[in-house]
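Single chain ahead, by itself, as structure tokens, in the form predicted alone.
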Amino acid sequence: MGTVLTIRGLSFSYDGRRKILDGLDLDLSAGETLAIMGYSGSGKTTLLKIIAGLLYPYQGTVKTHDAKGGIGYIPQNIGLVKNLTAVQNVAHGALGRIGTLPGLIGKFPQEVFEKAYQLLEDLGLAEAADRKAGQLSGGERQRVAVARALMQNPSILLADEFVSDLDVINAYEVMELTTKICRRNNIALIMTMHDTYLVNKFADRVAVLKDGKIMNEMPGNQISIKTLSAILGGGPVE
């Protein structure tokens, strides 16, 4: 597995005074699933937005090493268009590659729809492909958001607390399907998460973030509430 992301000395501040990220270093391998954990406000979402190219300027370097693949991003607010069908929402994930005109006029190349249907099938949502997003359950909408991000043909997929609003069963199923697809296609996955059980089950590695720095890294199957609390100094993790 080659390296797909290298971060060195990353620092960022919203107000020019308090550093949200402070000299952070991170490496990510192709096909690896990395969980970022830490207190609310520790910089987890900020880190993902910088990797996605949504926040700048920053100090340090953020380099991707796979010219073929881009970066897919699933934000906390998944932002589906409620009056579009599931497959139409997924197809919009291809706009970065094919331009915005198809989205404006509602017409996509046939191959885009074929891939969108295939992704929904892979995520167990084939039967709901032609239902409007506003009619889907929370777990179904989350799968559509995953499929939409995968339409970008990413080498890196970023997921910001993407199962935090789901019940235990739906969260597990979405995590299982997403990590399976990523590993099958050698897509690196970085997810922010507070559920140590899901991290233990699905992450290859976990990085614990505090005060803008990575305080500890370990295999995902070694994390526990007790271990995380000890690293962070107690208190709830969000």
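Quick note: we count residues from 1 along the sequence shown, nothing fancier. Everything quoted here is computed from the prediction, not taken from an experiment.
We do not show the form predicted together with a small molecule, though everything after this point is about it.
Participant: Check whether Tyr39 has any heavy atom within 4.5 Å of a heavy atom of the small molecule in the predicted complex, and answer yes or no.
Facilitator: Taking the distances in the predicted complex, the answer for Tyr39 is yes, it comes within 4.5 Å of the small molecule.
Participant: Going by a heavy atom distance of 4.5 Å, is His194 a contact of the small molecule in the predicted complex?
Facilitator: Yes, His194 is a contact residue.
Participant: Is there any non-hydrogen atom of Thr64 lying within 4.5 Å of the small molecule in the predicted complex?
Facilitator: Answer no; every heavy atom of Thr64 is more than 4.5 Å from the small molecule in the predicted complex.
Participant: Can you tell me whether Thr45 touches the small molecule? I mean in the predicted complex, with a 4.5 angstroms heavy atom cut-off.
Facilitator: Result yes; Thr45 sits at the interface with the small molecule in the predicted complex.
Participant: In terms of non-hydrogen atoms within 4.5 angstroms, which of the given stretches 45 to 53, 198 to 206, 23 to 31, 176 to 184 touches the small molecule in the predicted complex?
Facilitator: Contact-bearing stretch, as computed: 45 to 53.
Participant: Establish, in the predicted complex, whether Lys82, Asp167 and Tyr172 all lie within 4.5 Å of the small molecule, using non-hydrogen atoms for the distance.
Facilitator: The answer is no: none of the three residues contacts the partner (heavy atom, 4.5 Å cut-off).
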